[in-house]
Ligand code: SAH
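Form predicted on its own, single chain, as structure tokens, below.
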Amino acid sequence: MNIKPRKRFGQHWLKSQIALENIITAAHLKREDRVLEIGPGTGILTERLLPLVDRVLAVEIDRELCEFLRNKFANFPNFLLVEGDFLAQDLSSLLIENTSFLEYNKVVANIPYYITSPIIEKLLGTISKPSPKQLESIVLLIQKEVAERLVAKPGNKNYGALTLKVKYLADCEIVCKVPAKAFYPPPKVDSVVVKITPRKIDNPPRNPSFLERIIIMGFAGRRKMLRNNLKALVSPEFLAEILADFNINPQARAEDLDLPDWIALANALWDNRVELERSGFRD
């Protein structure tokens, strides 16, 4: 190919057939599926996807690779390539003449590790603004450390704001590990395949934006107790009373609360906005 991986794009090209098979298996692909692939690279995963699904929409930022991919898959009418940065793209405005490719129901990709969180947020949305597009599943090859944050349980050192933001919108599981030797060039970190399954929000808080706000505030200082991290919002004494009402240790840290605890706390605080306003809170 005479094309070298570019560091500025975080390119590590997958070459392992075992890893590819695990990705395909995790995606549970059906003939009618329409797949979005972010960062197809040399097209090794694309090549496996095309015969299995109805359509593949690929977004690639590297101009040289785009030229290579267009030539490689020129004879596949179910392949469409968009050149550009996925995070900066408004695909709906670009695909006016190919709107059927916008109807993707699954995402399958080996993404650049340095933009994993922004990509997940663009696909899922946020607590305050969930994505209107309900995907069936998202299968990604990502850095092991990020995956461990996605699936972490309360009390674990990896448990944090990212865990809760994703858990609010989807279920997440680690499928398998992928060794560094499975890539060219080998990354300096371990990798895993992760499956994210978006789901309906069964028990939304009364104010999702407020929930998002207190989660961010709560994890601002991991070593501090929650009542100290939220003291700019509510007095420690009042917060301790609310935590006690839910049988939560008044000395709890943010990492000790599971998602239902956070929703209950957000609702209780929201219902006592008079107390919040005394601390200078403004909606």
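No experiment lies behind these values; they were computed from the predicted model shown. So that there is no doubt, residue numbering starts at 1 and follows the sequence shown.
FYI, the form predicted together with this ligand isn't displayed, but the following is about it.
So, 158, 163 and 219: all three within 4.5 Å of this ligand in the model of the complex by heavy atoms, or not? Contact check failed for every one of 158, 163 and 219.
Contact residue in the model of the complex, chosen from 170, 152, 115, 135 - any heavy atom within 4.5 Å of this ligand: Spelling it out, the residue with a heavy atom inside the cut-off is 115.
So which of 234-242, 28-36, 47-55, 62-70 is the stretch with heavy atoms within 4.5 Å of this ligand in the model of the complex? Looking at the other structure, the answer is 62-70.
Taking 4.5 angstroms as the cut-off for heavy atoms, does residue 79 touch this ligand in the model of the complex? No, residue 79 stays farther than 4.5 Å from this ligand in the model of the complex.
For residue 110, is any heavy atom within 4.5 Å of this ligand in the model of the complex, or not? Flag for residue 110 set to yes.
Does residue 11 reach this ligand in the model of the complex, with heavy atoms at most 4.5 Å apart? The answer is yes: residue 11 has a heavy atom within 4.5 Å of this ligand.
With the cut-off set at 4.5 Å between non-hydrogen atoms, does residue 85 touch this ligand in the model of the complex? Residue 85: contacts this ligand in the model of the complex.
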